[in-house]
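Below you'll find only one chain, the form predicted alone, shown as C-alpha coordinates.
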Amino acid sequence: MDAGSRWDAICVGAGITSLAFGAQVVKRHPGARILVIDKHGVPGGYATVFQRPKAGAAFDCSLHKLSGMGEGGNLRRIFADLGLDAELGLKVPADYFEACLPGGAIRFGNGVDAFRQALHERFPHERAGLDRFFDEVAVHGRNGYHQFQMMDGTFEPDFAQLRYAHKHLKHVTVADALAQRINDPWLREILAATGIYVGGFPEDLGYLYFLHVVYATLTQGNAYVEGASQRLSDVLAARIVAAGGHVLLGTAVRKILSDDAGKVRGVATARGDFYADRVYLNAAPHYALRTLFDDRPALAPIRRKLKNLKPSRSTTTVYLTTDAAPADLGLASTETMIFASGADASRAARAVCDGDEACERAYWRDSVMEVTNYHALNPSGGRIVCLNVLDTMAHWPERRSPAYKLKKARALNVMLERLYAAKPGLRGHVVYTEVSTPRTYERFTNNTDGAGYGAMVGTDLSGHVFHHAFPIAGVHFLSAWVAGPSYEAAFGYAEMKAKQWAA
(Lines give C-alpha, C1' and ligand atoms only; values in the text may rest on other atoms or scores of the structure.)
Protein backbone atom coordinates (compact mmCIF):
# COMPACT_ATOMS: atom_id res chain seq x y z
CA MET A 1 0.00 0.00 0.00
CA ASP A 2 1.44 3.35 -1.02
CA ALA A 3 1.26 6.68 0.74
CA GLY A 4 -0.83 9.10 -1.24
CA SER A 5 -3.41 6.47 -2.12
CA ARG A 6 -7.12 7.30 -2.16
CA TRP A 7 -9.80 5.36 -0.34
CA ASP A 8 -13.57 5.46 -0.08
CA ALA A 9 -13.25 5.93 3.69
CA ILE A 10 -10.53 6.01 6.33
CA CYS A 11 -11.17 4.81 9.89
CA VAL A 12 -8.84 6.29 12.51
CA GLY A 13 -8.40 3.59 15.14
CA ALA A 14 -8.98 -0.13 14.69
CA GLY A 15 -11.29 -0.50 17.68
CA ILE A 16 -14.29 -2.77 17.54
CA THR A 17 -16.64 -0.06 16.21
CA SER A 18 -14.37 0.70 13.25
CA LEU A 19 -14.11 -2.98 12.43
CA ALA A 20 -17.85 -3.58 12.84
CA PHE A 21 -18.57 -0.51 10.71
CA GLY A 22 -16.15 -1.53 7.96
CA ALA A 23 -17.41 -5.10 7.84
CA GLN A 24 -21.00 -3.94 7.56
CA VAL A 25 -20.20 -1.38 4.85
CA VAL A 26 -18.40 -3.90 2.64
CA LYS A 27 -21.24 -6.38 3.17
CA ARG A 28 -23.75 -3.80 1.94
CA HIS A 29 -21.47 -2.21 -0.66
CA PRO A 30 -18.98 -4.83 -1.90
CA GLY A 31 -16.97 -2.32 -3.94
CA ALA A 32 -16.22 -0.03 -1.01
CA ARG A 33 -12.50 0.26 -0.17
CA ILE A 34 -11.83 1.11 3.48
CA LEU A 35 -8.50 1.89 5.12
CA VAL A 36 -8.30 1.33 8.89
CA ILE A 37 -5.27 2.81 10.67
CA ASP A 38 -4.13 2.15 14.24
CA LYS A 39 -0.95 2.76 16.19
CA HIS A 40 -1.30 -0.59 17.98
CA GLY A 41 0.15 -3.78 16.49
CA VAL A 42 -3.09 -5.78 16.49
CA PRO A 43 -6.62 -4.82 15.46
CA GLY A 44 -9.45 -4.51 17.96
CA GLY A 45 -8.63 -1.73 20.43
CA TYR A 46 -9.94 -3.03 23.74
CA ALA A 47 -11.25 -6.10 21.89
CA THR A 48 -7.83 -7.77 21.88
CA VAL A 49 -5.84 -10.26 23.88
CA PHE A 50 -2.25 -10.20 25.12
CA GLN A 51 -0.10 -13.31 25.29
CA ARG A 52 1.99 -14.58 28.18
CA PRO A 53 3.46 -17.82 26.78
CA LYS A 54 5.47 -18.72 29.91
CA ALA A 55 2.24 -18.61 31.91
CA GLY A 56 0.40 -20.52 29.18
CA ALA A 57 -2.11 -17.71 29.03
CA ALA A 58 -3.78 -15.40 26.54
CA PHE A 59 -5.61 -12.74 28.54
CA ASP A 60 -8.65 -10.97 27.11
CA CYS A 61 -8.48 -7.19 27.53
CA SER A 62 -12.17 -6.44 27.41
CA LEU A 63 -14.52 -9.24 26.51
CA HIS A 64 -17.03 -10.16 29.13
CA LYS A 65 -20.67 -10.75 28.47
CA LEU A 66 -21.93 -9.81 25.03
CA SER A 67 -25.52 -8.71 25.49
CA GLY A 68 -28.28 -9.09 22.92
CA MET A 69 -27.26 -12.61 21.94
CA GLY A 70 -30.66 -14.25 22.47
CA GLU A 71 -33.67 -14.55 20.17
CA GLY A 72 -34.61 -11.02 19.15
CA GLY A 73 -31.32 -9.58 20.39
CA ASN A 74 -29.76 -6.77 18.37
CA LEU A 75 -26.26 -8.20 18.43
CA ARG A 76 -27.43 -11.66 17.47
CA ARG A 77 -29.26 -10.16 14.47
CA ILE A 78 -26.18 -8.20 13.36
CA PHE A 79 -23.95 -11.26 13.82
CA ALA A 80 -26.41 -13.28 11.70
CA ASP A 81 -26.48 -10.58 8.99
CA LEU A 82 -22.68 -10.74 8.81
CA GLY A 83 -22.57 -14.54 9.00
CA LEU A 84 -20.58 -14.28 12.21
CA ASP A 85 -22.83 -16.69 14.07
CA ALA A 86 -21.64 -19.43 11.73
CA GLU A 87 -17.98 -18.38 11.85
CA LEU A 88 -17.65 -17.71 15.59
CA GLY A 89 -18.26 -20.13 18.41
CA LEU A 90 -20.41 -18.71 21.19
CA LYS A 91 -20.62 -19.82 24.80
CA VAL A 92 -23.83 -19.14 26.73
CA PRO A 93 -23.16 -19.20 30.50
CA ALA A 94 -25.56 -21.07 32.76
CA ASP A 95 -25.39 -18.43 35.46
CA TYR A 96 -25.94 -14.67 35.43
CA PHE A 97 -23.57 -14.12 38.33
CA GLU A 98 -22.91 -15.22 41.89
CA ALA A 99 -23.27 -12.46 44.48
CA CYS A 100 -20.83 -12.86 47.38
CA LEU A 101 -22.13 -10.94 50.38
CA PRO A 102 -20.74 -10.90 53.93
CA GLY A 103 -23.67 -13.06 55.03
CA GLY A 104 -23.34 -15.64 52.27
CA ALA A 105 -23.58 -16.10 48.53
CA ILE A 106 -26.50 -16.11 46.10
CA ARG A 107 -26.08 -17.79 42.73
CA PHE A 108 -28.36 -16.42 40.05
CA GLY A 109 -29.34 -18.46 37.04
CA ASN A 110 -29.18 -16.78 33.66
CA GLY A 111 -32.23 -14.93 32.35
CA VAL A 112 -34.66 -12.45 33.82
CA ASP A 113 -37.08 -15.04 35.24
CA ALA A 114 -34.36 -16.91 37.14
CA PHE A 115 -32.84 -13.67 38.45
CA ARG A 116 -36.21 -12.28 39.54
CA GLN A 117 -37.30 -15.49 41.25
CA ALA A 118 -34.05 -15.76 43.22
CA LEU A 119 -34.38 -12.17 44.41
CA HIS A 120 -37.99 -12.72 45.44
CA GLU A 121 -36.96 -15.75 47.49
CA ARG A 122 -34.03 -14.00 49.17
CA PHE A 123 -35.74 -10.62 49.67
CA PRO A 124 -39.48 -11.40 50.11
CA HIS A 125 -39.98 -8.17 52.06
CA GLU A 126 -38.95 -6.20 48.94
CA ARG A 127 -41.40 -7.83 46.51
CA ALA A 128 -43.27 -4.63 45.65
CA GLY A 129 -40.09 -2.70 44.88
CA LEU A 130 -38.66 -5.58 42.86
CA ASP A 131 -41.83 -5.90 40.80
CA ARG A 132 -41.75 -2.19 40.05
CA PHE A 133 -38.09 -2.42 39.02
CA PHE A 134 -38.63 -5.35 36.68
CA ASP A 135 -41.75 -3.74 35.20
CA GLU A 136 -39.64 -0.69 34.39
CA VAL A 137 -36.96 -2.87 32.82
CA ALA A 138 -39.59 -4.57 30.65
CA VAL A 139 -41.16 -1.33 29.42
CA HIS A 140 -38.59 1.47 29.52
CA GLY A 141 -35.54 -0.74 29.23
CA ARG A 142 -37.05 -2.29 26.12
CA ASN A 143 -37.73 1.11 24.55
CA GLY A 144 -34.17 2.26 25.21
CA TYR A 145 -32.80 -0.98 23.84
CA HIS A 146 -34.38 -0.26 20.45
CA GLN A 147 -32.96 3.27 20.19
CA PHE A 148 -31.41 2.76 16.76
CA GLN A 149 -34.52 1.06 15.34
CA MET A 150 -36.56 3.93 16.75
CA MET A 151 -34.36 6.37 14.83
CA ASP A 152 -34.74 4.57 11.51
CA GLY A 153 -38.49 3.97 11.96
CA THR A 154 -38.40 0.17 12.31
CA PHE A 155 -39.49 0.22 15.98
CA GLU A 156 -42.63 2.06 17.03
CA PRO A 157 -42.64 2.90 20.76
CA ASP A 158 -45.58 3.86 22.93
CA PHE A 159 -45.09 7.62 23.07
CA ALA A 160 -46.90 7.94 26.39
CA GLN A 161 -44.28 5.60 27.86
CA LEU A 162 -41.50 7.67 26.30
CA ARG A 163 -42.88 10.91 27.72
CA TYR A 164 -43.16 9.37 31.18
CA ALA A 165 -39.63 7.98 31.03
CA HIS A 166 -38.06 11.24 29.93
CA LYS A 167 -39.90 13.18 32.62
CA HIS A 168 -39.49 10.79 35.58
CA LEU A 169 -36.58 8.40 34.88
CA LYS A 170 -34.02 10.09 32.65
CA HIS A 171 -32.64 12.66 35.07
CA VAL A 172 -32.40 10.52 38.18
CA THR A 173 -29.37 8.41 39.06
CA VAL A 174 -29.48 4.66 39.61
CA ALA A 175 -28.61 5.23 43.27
CA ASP A 176 -31.50 7.63 43.84
CA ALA A 177 -34.02 5.59 41.83
CA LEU A 178 -33.20 2.36 43.66
CA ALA A 179 -33.36 4.15 47.01
CA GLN A 180 -36.91 5.22 46.12
CA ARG A 181 -37.93 1.64 45.31
CA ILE A 182 -35.82 -0.63 47.53
CA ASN A 183 -35.12 -0.43 51.28
CA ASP A 184 -32.55 -3.20 51.67
CA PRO A 185 -29.06 -1.80 50.91
CA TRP A 186 -27.73 -5.21 49.85
CA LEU A 187 -30.50 -5.64 47.33
CA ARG A 188 -29.75 -2.19 45.94
CA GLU A 189 -26.11 -3.20 45.65
CA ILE A 190 -26.99 -6.39 43.76
CA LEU A 191 -29.37 -4.65 41.36
CA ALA A 192 -26.80 -1.92 40.62
CA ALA A 193 -23.89 -4.32 40.11
CA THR A 194 -24.34 -4.61 36.35
CA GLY A 195 -23.35 -0.95 36.09
CA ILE A 196 -19.76 -2.20 36.10
CA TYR A 197 -20.38 -3.51 32.55
CA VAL A 198 -20.69 0.08 31.34
CA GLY A 199 -18.20 1.77 33.63
CA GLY A 200 -20.47 3.45 36.15
CA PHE A 201 -21.25 3.37 39.85
CA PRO A 202 -24.89 3.80 40.92
CA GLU A 203 -24.33 7.49 41.59
CA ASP A 204 -22.89 7.96 38.07
CA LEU A 205 -25.41 6.33 35.75
CA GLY A 206 -28.77 7.66 34.64
CA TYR A 207 -31.58 5.31 35.69
CA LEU A 208 -33.32 5.24 32.29
CA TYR A 209 -30.11 4.22 30.54
CA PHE A 210 -29.41 1.65 33.26
CA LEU A 211 -32.80 0.01 32.63
CA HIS A 212 -31.68 -0.41 29.03
CA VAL A 213 -28.44 -2.05 30.17
CA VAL A 214 -30.31 -4.50 32.41
CA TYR A 215 -32.79 -5.29 29.63
CA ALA A 216 -29.94 -5.93 27.18
CA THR A 217 -27.86 -8.17 29.42
CA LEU A 218 -30.60 -10.03 31.29
CA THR A 219 -33.59 -10.18 28.95
CA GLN A 220 -32.02 -10.29 25.50
CA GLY A 221 -29.53 -13.04 26.23
CA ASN A 222 -25.78 -12.98 26.74
CA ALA A 223 -22.83 -14.99 25.50
CA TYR A 224 -19.05 -15.02 25.20
CA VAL A 225 -17.04 -15.47 22.00
CA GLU A 226 -14.92 -18.60 22.02
CA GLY A 227 -11.32 -17.70 21.27
CA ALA A 228 -11.78 -14.38 23.09
CA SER A 229 -12.34 -10.93 21.67
CA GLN A 230 -9.28 -11.08 19.40
CA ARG A 231 -11.04 -13.77 17.39
CA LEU A 232 -13.97 -11.43 16.77
CA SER A 233 -11.70 -8.50 15.85
CA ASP A 234 -9.60 -10.62 13.49
CA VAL A 235 -12.66 -11.95 11.68
CA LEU A 236 -14.03 -8.45 11.12
CA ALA A 237 -10.65 -7.13 9.96
CA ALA A 238 -10.39 -10.00 7.49
CA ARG A 239 -13.76 -9.06 6.00
CA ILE A 240 -12.52 -5.54 5.29
CA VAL A 241 -9.28 -6.78 3.74
CA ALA A 242 -11.03 -9.42 1.64
CA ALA A 243 -13.19 -6.68 0.12
CA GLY A 244 -10.13 -4.71 -1.04
CA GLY A 245 -9.56 -2.65 2.08
CA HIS A 246 -6.52 -2.52 4.32
CA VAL A 247 -5.81 -2.53 8.05
CA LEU A 248 -2.63 -0.51 8.60
CA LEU A 249 -1.19 -1.26 12.06
CA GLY A 250 1.74 0.23 13.96
CA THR A 251 0.95 3.61 12.44
CA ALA A 252 -0.29 6.59 14.43
CA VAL A 253 -2.49 9.15 12.72
CA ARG A 254 -1.01 12.60 13.31
CA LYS A 255 -3.53 14.95 11.75
CA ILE A 256 -6.90 15.04 10.03
CA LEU A 257 -6.46 16.87 6.71
CA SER A 258 -9.11 19.26 5.45
CA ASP A 259 -9.34 21.98 2.80
CA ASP A 260 -10.18 25.68 3.07
CA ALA A 261 -13.80 24.96 2.19
CA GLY A 262 -14.22 22.84 5.34
CA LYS A 263 -14.19 19.41 3.70
CA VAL A 264 -12.08 16.53 4.93
CA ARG A 265 -9.30 15.35 2.59
CA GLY A 266 -7.72 12.47 4.50
CA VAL A 267 -5.16 11.87 7.23
CA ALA A 268 -1.45 12.45 7.82
CA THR A 269 0.64 9.64 9.32
CA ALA A 270 4.32 8.83 9.82
CA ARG A 271 4.06 6.71 6.66
CA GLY A 272 2.69 9.56 4.62
CA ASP A 273 -0.69 11.02 3.78
CA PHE A 274 -3.76 8.98 2.79
CA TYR A 275 -6.84 10.47 1.18
CA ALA A 276 -10.60 9.98 1.42
CA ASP A 277 -13.72 12.12 1.41
CA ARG A 278 -14.95 10.37 4.56
CA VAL A 279 -12.95 9.95 7.77
CA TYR A 280 -14.44 8.01 10.71
CA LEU A 281 -12.85 8.60 14.11
CA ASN A 282 -12.87 5.72 16.56
CA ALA A 283 -10.99 7.54 19.29
CA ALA A 284 -11.71 9.50 22.42
CA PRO A 285 -13.08 12.83 21.18
CA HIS A 286 -11.12 14.81 23.78
CA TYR A 287 -7.90 13.35 22.40
CA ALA A 288 -9.03 13.78 18.80
CA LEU A 289 -9.96 17.45 19.15
CA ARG A 290 -6.79 18.27 21.06
CA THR A 291 -4.36 16.33 18.88
CA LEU A 292 -5.69 15.54 15.41
CA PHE A 293 -7.20 18.84 14.28
CA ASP A 294 -5.69 22.25 13.64
CA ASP A 295 -6.79 24.93 16.06
CA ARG A 296 -9.41 26.55 13.82
CA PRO A 297 -12.14 28.86 15.22
CA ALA A 298 -14.94 26.73 13.76
CA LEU A 299 -14.06 23.94 16.22
CA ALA A 300 -14.43 26.13 19.32
CA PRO A 301 -18.16 25.29 19.84
CA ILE A 302 -17.33 21.56 19.64
CA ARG A 303 -14.66 21.93 22.29
CA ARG A 304 -17.11 23.75 24.56
CA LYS A 305 -19.68 20.94 24.16
CA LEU A 306 -17.01 18.36 24.99
CA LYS A 307 -16.57 19.84 28.44
CA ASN A 308 -19.96 18.33 29.30
CA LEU A 309 -19.05 14.88 27.99
CA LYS A 310 -17.96 12.90 31.04
CA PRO A 311 -15.85 9.76 30.59
CA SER A 312 -16.94 6.49 32.13
CA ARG A 313 -14.87 5.07 34.94
CA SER A 314 -11.78 3.19 34.00
CA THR A 315 -10.79 -0.14 35.51
CA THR A 316 -7.99 -1.71 37.45
CA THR A 317 -7.73 -5.35 36.48
CA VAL A 318 -5.86 -8.33 37.85
CA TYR A 319 -5.23 -11.13 35.38
CA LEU A 320 -4.27 -14.43 37.00
CA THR A 321 -3.81 -18.11 36.41
CA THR A 322 -4.21 -20.97 38.87
CA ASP A 323 -2.52 -24.34 39.26
CA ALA A 324 -5.84 -26.22 39.18
CA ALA A 325 -9.24 -25.70 37.65
CA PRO A 326 -10.85 -22.72 39.42
CA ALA A 327 -14.05 -24.71 39.90
CA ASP A 328 -12.09 -27.30 41.89
CA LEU A 329 -10.81 -24.46 44.08
CA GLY A 330 -14.26 -23.10 44.88
CA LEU A 331 -14.82 -20.67 41.99
CA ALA A 332 -17.59 -22.46 40.11
CA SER A 333 -19.60 -19.58 38.58
CA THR A 334 -18.58 -18.00 35.30
CA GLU A 335 -19.01 -14.60 36.90
CA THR A 336 -18.90 -13.53 40.54
CA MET A 337 -19.65 -10.15 42.09
CA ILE A 338 -17.85 -9.66 45.39
CA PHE A 339 -19.37 -6.98 47.61
CA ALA A 340 -17.25 -5.52 50.37
CA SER A 341 -19.71 -3.24 52.11
CA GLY A 342 -23.27 -2.03 51.90
CA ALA A 343 -24.36 0.29 49.11
CA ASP A 344 -24.53 3.28 51.39
CA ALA A 345 -21.05 2.66 52.82
CA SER A 346 -19.40 2.14 49.43
CA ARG A 347 -21.01 5.26 47.99
CA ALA A 348 -19.90 7.26 51.02
CA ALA A 349 -16.33 6.02 50.56
CA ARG A 350 -16.31 7.09 46.90
CA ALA A 351 -17.62 10.52 47.83
CA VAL A 352 -14.48 11.36 49.82
CA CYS A 353 -11.71 10.30 47.42
CA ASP A 354 -9.39 13.17 48.27
CA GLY A 355 -6.12 11.26 48.35
CA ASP A 356 -4.37 8.05 47.42
CA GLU A 357 -5.39 6.11 50.51
CA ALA A 358 -9.04 7.18 50.32
CA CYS A 359 -9.28 6.37 46.59
CA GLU A 360 -7.65 2.99 47.00
CA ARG A 361 -10.05 2.15 49.82
CA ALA A 362 -13.09 3.36 47.90
CA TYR A 363 -12.36 1.77 44.51
CA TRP A 364 -10.34 -1.32 45.33
CA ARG A 365 -11.75 -2.40 48.70
CA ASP A 366 -15.21 -0.91 49.30
CA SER A 367 -16.82 -1.15 45.83
CA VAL A 368 -18.03 -4.22 43.99
CA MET A 369 -15.32 -6.40 42.41
CA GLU A 370 -16.28 -8.45 39.35
CA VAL A 371 -14.60 -11.82 38.75
CA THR A 372 -14.77 -13.63 35.41
CA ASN A 373 -13.87 -17.30 35.40
CA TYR A 374 -12.65 -17.74 31.82
CA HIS A 375 -11.73 -21.35 32.48
CA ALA A 376 -15.39 -22.16 33.09
CA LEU A 377 -16.22 -20.61 29.72
CA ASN A 378 -13.39 -22.19 27.76
CA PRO A 379 -11.28 -24.84 29.56
CA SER A 380 -8.92 -25.16 26.60
CA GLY A 381 -7.95 -21.48 26.94
CA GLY A 382 -6.09 -22.00 30.21
CA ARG A 383 -6.89 -21.64 33.90
CA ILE A 384 -7.55 -17.92 33.61
CA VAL A 385 -9.45 -15.68 36.01
CA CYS A 386 -9.90 -11.93 35.72
CA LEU A 387 -10.67 -9.46 38.56
CA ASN A 388 -12.11 -6.02 37.78
CA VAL A 389 -12.87 -2.92 39.82
CA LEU A 390 -13.91 0.47 38.53
CA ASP A 391 -11.26 3.11 39.05
CA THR A 392 -10.11 6.53 37.85
CA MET A 393 -6.90 7.95 36.44
CA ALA A 394 -6.78 10.77 38.97
CA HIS A 395 -4.89 9.02 41.76
CA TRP A 396 -2.49 7.03 39.56
CA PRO A 397 1.06 8.39 39.14
CA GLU A 398 2.92 8.26 35.84
CA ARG A 399 3.86 4.84 34.49
CA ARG A 400 7.30 3.39 35.23
CA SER A 401 7.78 5.61 38.27
CA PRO A 402 8.61 3.97 41.63
CA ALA A 403 5.32 5.24 43.04
CA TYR A 404 3.41 3.60 40.17
CA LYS A 405 5.04 0.23 40.76
CA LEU A 406 4.29 0.38 44.48
CA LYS A 407 0.69 1.32 43.78
CA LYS A 408 0.26 -1.61 41.39
CA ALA A 409 1.58 -3.93 44.09
CA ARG A 410 -0.95 -2.53 46.58
CA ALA A 411 -3.80 -2.97 44.09
CA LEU A 412 -2.78 -6.58 43.48
CA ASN A 413 -2.65 -7.34 47.18
CA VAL A 414 -6.02 -5.74 48.00
CA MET A 415 -7.87 -7.40 45.13
CA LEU A 416 -6.36 -10.83 45.72
CA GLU A 417 -7.21 -10.67 49.43
CA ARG A 418 -10.81 -9.85 48.55
CA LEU A 419 -10.88 -12.86 46.22
CA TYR A 420 -9.39 -15.13 48.87
CA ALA A 421 -11.84 -13.88 51.50
CA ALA A 422 -14.78 -14.79 49.24
CA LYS A 423 -13.21 -17.96 47.80
CA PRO A 424 -10.65 -19.24 50.34
CA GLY A 425 -9.92 -22.37 48.30
CA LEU A 426 -7.98 -20.24 45.80
CA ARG A 427 -5.35 -19.13 48.34
CA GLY A 428 -2.02 -20.72 47.54
CA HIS A 429 -3.11 -21.75 44.03
CA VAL A 430 -2.60 -18.48 42.11
CA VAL A 431 0.61 -18.98 40.12
CA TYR A 432 0.73 -15.91 37.84
CA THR A 433 -0.61 -12.37 38.19
CA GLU A 434 -0.50 -9.19 36.17
CA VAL A 435 -2.10 -5.82 36.88
CA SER A 436 -3.59 -3.46 34.31
CA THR A 437 -4.35 0.11 35.37
CA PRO A 438 -6.00 3.21 33.91
CA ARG A 439 -2.47 4.18 32.78
CA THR A 440 -2.27 0.95 30.80
CA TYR A 441 -5.41 1.86 28.87
CA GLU A 442 -4.03 5.33 28.23
CA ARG A 443 -0.86 3.81 26.78
CA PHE A 444 -2.63 1.62 24.25
CA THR A 445 -5.65 3.69 23.29
CA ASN A 446 -4.71 7.39 23.62
CA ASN A 447 -7.68 7.66 25.91
CA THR A 448 -6.18 10.26 28.18
CA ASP A 449 -9.07 10.26 30.60
CA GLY A 450 -8.35 6.63 31.21
CA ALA A 451 -11.87 5.36 30.64
CA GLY A 452 -12.30 1.90 29.23
CA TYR A 453 -15.90 2.34 28.21
CA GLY A 454 -16.28 5.64 26.38
CA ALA A 455 -18.74 8.21 27.64
CA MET A 456 -20.64 8.00 30.90
CA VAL A 457 -24.37 7.93 30.25
CA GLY A 458 -25.46 9.87 33.29
CA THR A 459 -28.31 12.28 33.89
CA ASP A 460 -26.79 15.16 31.88
CA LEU A 461 -26.50 14.19 28.22
CA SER A 462 -25.76 17.66 26.81
CA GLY A 463 -22.18 16.68 25.96
CA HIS A 464 -23.28 13.59 24.01
CA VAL A 465 -24.21 15.69 20.98
CA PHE A 466 -20.71 17.15 20.59
CA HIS A 467 -20.43 15.73 17.09
CA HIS A 468 -23.69 17.16 15.79
CA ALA A 469 -23.11 19.72 13.02
CA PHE A 470 -19.37 19.05 13.06
CA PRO A 471 -17.87 21.92 11.01
CA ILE A 472 -15.61 19.75 8.80
CA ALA A 473 -17.73 17.91 6.24
CA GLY A 474 -16.99 14.22 5.91
CA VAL A 475 -15.76 13.74 9.51
CA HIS A 476 -17.76 11.21 11.52
CA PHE A 477 -17.33 9.90 15.05
CA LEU A 478 -17.71 6.24 15.92
CA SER A 479 -17.23 4.27 19.14
CA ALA A 480 -18.72 4.14 22.59
CA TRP A 481 -18.25 7.88 23.00
CA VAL A 482 -21.32 8.50 20.85
CA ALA A 483 -23.36 5.29 21.16
CA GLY A 484 -22.99 4.25 24.79
CA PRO A 485 -20.71 1.57 26.14
CA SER A 486 -20.79 -2.16 25.34
CA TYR A 487 -20.23 -4.25 22.25
CA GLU A 488 -23.92 -4.20 21.42
CA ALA A 489 -24.06 -0.40 21.38
CA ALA A 490 -20.87 -0.30 19.29
CA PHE A 491 -22.24 -2.71 16.70
CA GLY A 492 -25.63 -0.99 16.71
CA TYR A 493 -24.12 2.41 16.07
CA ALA A 494 -21.82 0.96 13.42
CA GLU A 495 -24.86 -0.56 11.73
CA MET A 496 -26.65 2.78 11.72
CA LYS A 497 -23.62 4.53 10.18
CA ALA A 498 -23.23 1.75 7.61
CA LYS A 499 -26.85 2.24 6.57
CA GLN A 500 -26.06 5.93 5.99
CA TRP A 501 -23.15 5.08 3.67
CA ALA A 502 -25.09 5.63 0.46
CA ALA A 503 -26.59 8.93 1.66
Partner chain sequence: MNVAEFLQDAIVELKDVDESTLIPALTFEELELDSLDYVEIQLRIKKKFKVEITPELFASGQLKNLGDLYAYIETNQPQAAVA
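Positions refer to the first chain, counted from 1. In this text the structure is predicted, and so the values were computed from the model without any measurement.
This protein has a second form, the form predicted in complex with its partner chain, left out of what is shown; the following refers to that one.
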Which residue among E87, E398, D131, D152 has a heavy atom within 4.5 angstroms of its partner chain in the predicted complex? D152
Of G250, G109, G330, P301, which residue is found within 4.5 angstroms of its partner chain in the predicted complex when only non-hydrogen atoms are counted? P301
Kindly confirm or deny that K170, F470 and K497 each have some heavy atom within 4.5 angstroms of its partner chain in the predicted complex. yes
Any non-hydrogen atom of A58 within 4.5 angstroms of its partner chain in the predicted complex: no
Determine whether any heavy atom of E71 comes within 4.5 Å of a heavy atom of its partner chain in the predicted complex, and answer yes or no. no
is_contact(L208, its partner chain) in the predicted complex, heavy atom dist at most 4.5 Å: yes
In the predicted complex, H476 touching its partner chain (heavy atom, 4.5 Å): yes
Within 4.5 angstroms, counting heavy atoms, which one of the listed stretches 27-35, 462-470, 40-48, 434-442 is next to its partner chain in the predicted complex? 462-470
At a 4.5 angstroms cut-off on non-hydrogen atoms, which residues of 159-175 are near its partner chain in the predicted complex? List them in order. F159, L162, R163, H166, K167, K170
